[in-house]
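Below are two forms of the same protein chain, given as structure tokens: structure 1, then structure 2.
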Structure 1
Amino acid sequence: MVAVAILAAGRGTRMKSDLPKVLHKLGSHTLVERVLKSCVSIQPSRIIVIVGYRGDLVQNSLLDNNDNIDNDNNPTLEFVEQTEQLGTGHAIQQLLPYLKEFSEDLLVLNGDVPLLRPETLKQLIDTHKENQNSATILTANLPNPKGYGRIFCDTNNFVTQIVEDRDCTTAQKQNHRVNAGVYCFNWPALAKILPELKADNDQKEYYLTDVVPFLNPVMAVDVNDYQEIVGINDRKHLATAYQILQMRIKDNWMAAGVTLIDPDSITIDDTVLLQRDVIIEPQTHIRGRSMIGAGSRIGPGSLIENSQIGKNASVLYSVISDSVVSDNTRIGPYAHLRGDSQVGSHCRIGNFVELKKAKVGDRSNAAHLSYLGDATLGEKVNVGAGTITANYDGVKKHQTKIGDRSKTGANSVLVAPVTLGEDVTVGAGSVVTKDVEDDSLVVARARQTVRKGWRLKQSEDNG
């Protein structure tokens, strides 16, 4: 068993942000949440997060989203404060009074290295234990190592020194082997030398990496895929990491039997679930806790957020959030479903139709130019073009109910609260303000009057 410490106290000056760096989002999760998730599967005995800059915010964000760490056996998060941010070594020094009795290994993770795979952490810990190292450090050979600390080894391939990019000589900068910011330490050995750290470097900070010459043996473990160790220091790194993450997610779905047409123009959160033979068309984005059923076609040009789409459905140029769409239903083009809407199977919600908190029964259609808000529709209902539920009286929202097989004529307004029974027909252009019984025709508009032979009298001026 190992304990984990996550460094999350820094401000992240290079992000030029009011938000602490580790709270920036990479897709569906913050950076620090991702680091946390990467270490959970190694089943640490304890997880300690070191917070400092806007620490309350970091702490609350982690506690609020604790369901992301989905294993019940996880230890409860512990937080240690680093009131002044004097460097990564200073951050770990804060653990000294806290881990006085602790005698096992400590895995240290930078809170801004969000793409680590659990297997990589496992490999690092296994190597550490097998070799009984004092410290084992995750390393990578980067094509562009700028900004990373460089790893130097002796002739037996043990690490002797880590030199930060800004402290490197020109010759040292030629070394492309870098420190990933992921370490496994024998805690008692580390604890003994932590107080010795000096801040004699370009940044006048206490570097955790400066413990290396005082520990023996220190081994480096190269990561298989160097993209895992990208560290986020600025917005450009954040964008690079997002691309790497997207590539991983999309490769996985393609391998699982999903067609992505023009993957570069598609984004999919890692919280999304897709079944076989889903086809995702260009310029489509699927976010949050969304699920798409087998054989459905999504896009082009659609956004699905926190929604469930059934099997063999299609969604074309539409936005769906917090809603459910059942099997064989066609949505769009240009529909907007939101606020917990539920659409049954074999329905059609078409051009310029907005649904808000609307429940639509199976085989019902609203094909053109409608707003259905706070409405419950039965089965086989046909909503005529331009039908509007007037659900808001300026103070409160009210419900509209439409029974099975009812039809509304074009341009009807249903003024809520109002209930139309089953098999009701609403004449075009009606403004329905009172409930209508089953099996009825309702026409609620001014009668058409015709005066035969009537013409506007012409004045003398306009001849």
Structure 2
Amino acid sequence: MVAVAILAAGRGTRMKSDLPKVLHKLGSHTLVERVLKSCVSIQPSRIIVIVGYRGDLVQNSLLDNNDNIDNDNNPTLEFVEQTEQLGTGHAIQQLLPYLKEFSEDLLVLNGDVPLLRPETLKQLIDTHKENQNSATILTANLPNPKGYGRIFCDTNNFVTQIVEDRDCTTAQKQNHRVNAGVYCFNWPALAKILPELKADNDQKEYYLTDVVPFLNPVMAVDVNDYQEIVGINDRKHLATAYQILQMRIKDNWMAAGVTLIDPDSITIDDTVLLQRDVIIEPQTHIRGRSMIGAGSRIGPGSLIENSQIGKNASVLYSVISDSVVSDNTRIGPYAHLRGDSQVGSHCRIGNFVELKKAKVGDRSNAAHLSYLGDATLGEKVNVGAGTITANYDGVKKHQTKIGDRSKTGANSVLVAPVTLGEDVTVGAGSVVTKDVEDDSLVVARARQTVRKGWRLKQSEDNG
């Protein structure tokens, strides 16, 4: 078995933020959530998060979003406080009282290194166990290793030396293998050395790498994709990591049968599910727990967030959040669906139509210039241009119900609470304030008055 320690105590001053660095978001998850997700598949016996700066925020964030952890197969999160941030070695020293009886391996991860793949961690742990190492270090061969400490190994990948970049000779700088800051330790061996760490450096910090000369054997494992070890120190690093994440996501979906017309202008969260033959047009963004059905076309210029779109649907220049759209339905251009709206199959929600907490039955249309809030529409309803459900009385929201096959004329206002039965026709320009029975025509407007020969009198002021 293996325990996991996640270092999440630092402030991250270069982020220029009051928020702890590990709580900044990379796509749909915080940095530390992504680190946590990467280690779930190895089924650790314990997961310990070491917190410090605003540790209550970090702890509450992880506990509030614990759906990221498979609680059936993984332990409850534990939190250990590092009151002073005196380096990585000092952080792991805080575990000594908590792991007194622990005799297995400890995987050390950084809360600001969010792109590690689960298979990389499994490879690290497997190598560690197979070789019965005291320590195993994840390393990467960087195209430009400037600024990174170098790891030197023999032909069997056993570590012989660690040299900081500033201390490297010209020849040593030709070595591109660097320390990724991810380790697997035999905990009893590490626990003996931790109390002896010294802060003999300019920063007066305790470095975890200082234990390596006292452990044997120590092996390096090279990560296949060096981009996995990208750490986040500032906003530019965050943007770089997002680009890497997006490239992974979009490559995977294109390989699975999804067409991305202009991948560079599209963003897709890794919580999104796409079925085959979906087409994503340029300038489209799909976020949160969204699902797009087979054969649907999304965009250009659309935002889908925490919503489900059925098969063979289309969404053009529109925003859909927290809503459901069924098969063969057309949305847009310039429609807005929000607040748990639900649209049936073979519908059209068209130009400049807004739905808020509305339910629209199959084969119903609201083609243009309408607001349907807190409304329930039956099947084959036709909403005329400019129809408004006046759902708010200044204090409370109220419901509007429209029965099957009913029609509203242009510029109708339905003042809620109000119910229109089936096969009702509302005359254009009507303001409906009372319920209407089935098979009825309702006209609720003042009779037109025409006064012949009338014109506005001219005054001296207006000419």
Ligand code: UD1
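Given the structure is predicted, the values throughout are model-derived calculations rather than measurements. Rigid core (definition): largest C-alpha set, two forms, superposition within 1.5 Å. The first residue in the sequence of structure 1 is number 1, and each one after it adds one.
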Original post:
Just one question: which structure is the form predicted on its own?
Top reply: 2
Original post:
Would the C-alpha of Val159 be classed as shifted by 2 Å or more between the two structures after rigid-core alignment?
Top reply: yes
Original post:
Does the distance between the two CA positions of Pro118 reach 2 Å or more between the two structures, the core being superposed?
Top reply: no
**OP:** Taking the rigid core as the superposition reference, indicate whether the CA of Gly299 shifts 2 angstroms or more between the two structures.
**Re:** no
Original post:
To one decimal place, what C-alpha displacement in Å is found for Lys146 between the two structures with the rigid core superposed?
Top reply: 4.5
Original post:
What is the Cα shift of Val450 between the two structures once the core is superposed, in angstrom?
Top reply: 3.0
